[in-house]
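Only one chain is shown below, in structure tokens, and it's the form predicted alone.
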Amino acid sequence: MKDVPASEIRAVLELAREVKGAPERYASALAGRNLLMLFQKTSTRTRLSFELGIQELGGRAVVMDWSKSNFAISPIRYEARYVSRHAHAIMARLLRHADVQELARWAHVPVINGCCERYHPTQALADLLTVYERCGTFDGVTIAYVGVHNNVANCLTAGATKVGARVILITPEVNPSSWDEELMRAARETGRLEVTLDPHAVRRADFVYTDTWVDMEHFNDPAYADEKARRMNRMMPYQLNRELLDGHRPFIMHDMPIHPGLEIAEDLIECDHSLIYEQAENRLHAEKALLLRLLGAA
């Protein structure tokens, strides 16, 4: 999302709408193609959407646990060069962005970042698709993100400001491993980014987005308990709830998994202006479009 031009983001979104509306037209578009899916992080939406996505396009998915493969014991470059002889694309959901970069450097096929500590670009594609479906445009649209500044905040900010939406970041906490000064500077230069510590700024947004306050790999880790407690205490005034919205009715977004009663009040999750499940479903359609473009089958 930081490097790709706005025109390419828009092209993926337009194709995603086509694929979503007429999936039968693309049912054999990737026949004979193989997608290798590498996982270090737990997954529900990434696993399901990519595996079904390639299958619904006529291809096949091979799912591999990084820790149970030789990626865990050998330099990445050797394994990457080997798997490129069988896979036509690789989706990697890894803990470290540096490992995603190393994989992309040595693989001879497209590598998709399925999530790392710094970025989550396929989530941002689904988010933008969800907004685009509702509004038909990004012009004049404001998206507020309230929570911890993390990988999701990065890609949402980069993607939305590029395509023309306005973003309000309300992030009193920052994951140090997620911060990207270059990305933030580029977003500011668009003139469409506002950064504030005022949680009431959500009342000026058409869409309000929140995410977990603690990364999934730390959520149940006893060694992280003190930091988790500190974050909960710091972030509770930024919980997305009806009191904070004060009668305002924006569309509600969350990339899941959800922790009701923490980053979002339970009664907002399935309210009539929640887009959370549509947003999650759109991972499938956005990723199908991405695969089609990367593999030259659009």
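Numbering starts at 1 and follows the sequence shown. Just so we're clear, the structure is a prediction, and the values are computed from it rather than from any experiment.
The form predicted in complex with a small molecule exists for this protein as well; it is not shown, and the discussion that follows is about that form.
Q: Could you tell me which one of Q239, N34, Q40, S43 places a heavy atom within 4.5 Å of the small molecule in the predicted bound form?
A: Of Q239, N34, Q40, S43, the residue with a heavy atom within 4.5 Å of the small molecule in the predicted bound form is S43.
Q: Going by heavy atom distances of 4.5 angstroms or less, which of T130, Q123, T210, N150 would be at the interface with the small molecule in the predicted bound form?
A: Only one option qualifies, and that one is Q123.
Q: To test your reading of this chain, name the stretch in 219-227, 175-183, 189-197, 115-123 whose heavy atoms come within 4.5 Å of the small molecule in the predicted bound form.
A: Stretch with heavy atoms near the partner: 115-123.
Q: I'd like to check something about K162: if you look in the predicted bound form, is any of its heavy atoms closer than or equal to 4.5 Å to a heavy atom of the small molecule?
A: Close contact is absent here: in the predicted bound form, K162 is far from the small molecule, nothing within 4.5 Å, heavy atoms only.
Q: Decide whether G58 counts as a contact residue for the small molecule in the predicted bound form under a heavy atom distance cut-off of 4.5 Å.
A: Flag for G58 set to no.
Q: Heavy atoms within 4.5 Å of the small molecule in the predicted bound form: does M256 have any?
A: Yes - in the predicted bound form, heavy atoms of M256 and the small molecule come within 4.5 Å of each other.
Q: R283 versus the small molecule, in the predicted bound form: is there a non-hydrogen atom within 4.5 Å?
A: R283: contacts the small molecule in the predicted bound form.
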